[in-house]
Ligand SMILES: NC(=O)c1ccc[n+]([C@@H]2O[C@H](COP(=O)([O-])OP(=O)(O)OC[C@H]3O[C@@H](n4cnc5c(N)ncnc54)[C@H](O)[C@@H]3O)[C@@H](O)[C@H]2O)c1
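Quick heads-up: it's one chain on its own, the form predicted on its own, in structure tokens.
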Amino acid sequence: MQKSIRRRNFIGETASVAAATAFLPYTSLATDNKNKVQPSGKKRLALVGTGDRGSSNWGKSVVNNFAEYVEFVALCDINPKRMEAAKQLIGVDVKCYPAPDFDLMIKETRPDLVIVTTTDCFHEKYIVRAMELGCDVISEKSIAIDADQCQRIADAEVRTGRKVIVGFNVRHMNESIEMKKILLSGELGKVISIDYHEYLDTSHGASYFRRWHGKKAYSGSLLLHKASHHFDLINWLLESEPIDVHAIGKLAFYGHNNNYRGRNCRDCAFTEKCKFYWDMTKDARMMALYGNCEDVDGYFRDGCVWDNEIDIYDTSSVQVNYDNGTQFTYTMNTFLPQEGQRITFFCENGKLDVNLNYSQPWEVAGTFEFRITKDRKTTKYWILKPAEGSHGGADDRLKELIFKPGTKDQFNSRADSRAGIMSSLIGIAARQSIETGKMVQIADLVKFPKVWRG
């Protein structure tokens, strides 16, 4: 079995370089005249982590749709083959920097924004270092996977005066905006409690267990990588913050719960009998970014879902108390025959039921059913459809808000570092509660700076 994923040591090779310049201001790293950059009027972007999400959503999509406002100046990754493949897929002619040269990349290319799409456990390292070098940051969720990382990000933002934006695209989906409008209208009054059930099927759900996400050391568990979206959604809808968390969870389906396993699908002896067999060779993009790069970092994108090293939870339940008095219950199951969500808001003047039925895995496609019930005789039902585009149009809406000057943020949808940290802290607290059997107080995890802009 694969004992380590060397690509996931992404930041380790940068440690000596970073340590040497850890407290140098950005200006001191960029005073050489030959490195001076003539202003173009566009925001200058550097992308760290050139895997699928980075090269597509934060790479090619940005180039195709926002070139009027931004331009890429550099790419960075631990795997030089992946960087070159991503460079071609994104369609940019920029310099590629190996991970140990992150500081050099900032010095030479002078980005305004560093986009961080590495493995989750390394987000904090690049977020903090980029801010120390004078850059603002866009980070994929989750912003951090443990409390110490959250603390360092909050402290660095105060210390450097830079800012972080978190890529919570769920806030920008049609169904999320609809929920926000309903709650803001006051029609249902105060939200007393919420039930939220996440259903992942054996296509989408299983995909997390093939990848680095299946190990807590890299993802913090799906209570961070996946559920941080949902926790942030509730935080945003309620305009409130969590106080305490209690959770249960276990690995009941994937990982060790099978009597056969292999290293990865392409080299497996059980392809005929395993219903989770995936032929990655039929996906040209996956082969370009991962299959053809394995010899460099030893990372297998089509890893075995029965890997004995998988240690995240595939079923979990979380209870959260909020500072406005709302009680929130969340469940996630990742091995189901259907994909979707069921969310119910129990309010003073009735309840709101939201059923999200996904007809296809991976993409938001299907129908979103809304029902407001006031009493036994008064109910209102309607169907909402997703917008066009990736993740129901949410990805482009998010990027428009970030990159296009003058875009109105009607519902305070742009997520800052505080939003990112608060969503992560729910997942961190849930994981800690599962491990200890105790309720966890959010205030015990992080000491928030008094002057934090957040």
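Given the structure is predicted, the values throughout are model-derived calculations rather than measurements. The numbering used is simple: start at 1 and walk along the sequence shown.
This next part talks about the form predicted together with the named molecule, which is not shown.
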statement: Assert contact residue (the named molecule, in the model of the complex, non-hydrogen atom within 4.5 Å, options Arg82, Lys215, His230, His172) equals Arg82
task: Heavy atom within 4.5 Å of the named molecule in the model of the complex: which of Glu339, Glu157, Asp120, Asp307 fits that? Just give me the one.
output: Asp120
message: Check Arg210 for me: does it contact the named molecule in the model of the complex (non-hydrogen atoms, 4.5 angstroms)?
response: no
task: Answer for His391 alone: is it within 4.5 Å of the named molecule in the model of the complex, judged on heavy atom distances?
output: yes
message: If we define contact as a non-hydrogen atom of the residue within 4.5 angstroms of the partner, is Ile106 a contact of the named molecule in the model of the complex?
response: no
- prompt: Counting only non-hydrogen atoms and a 4.5 angstroms cut-off, does Arg53 reach the named molecule in the model of the complex?
  reply: yes
query: When the named molecule is placed as it is in the model of the complex, which of 164-172, 331-339, 253-261, 67-75 ends up with heavy atoms within 4.5 Å of it?
result: 164-172
- prompt: What residues of 325-346, in sequence order, lie within 4.5 Å of the named molecule in the model of the complex by heavy atom?
  reply: none
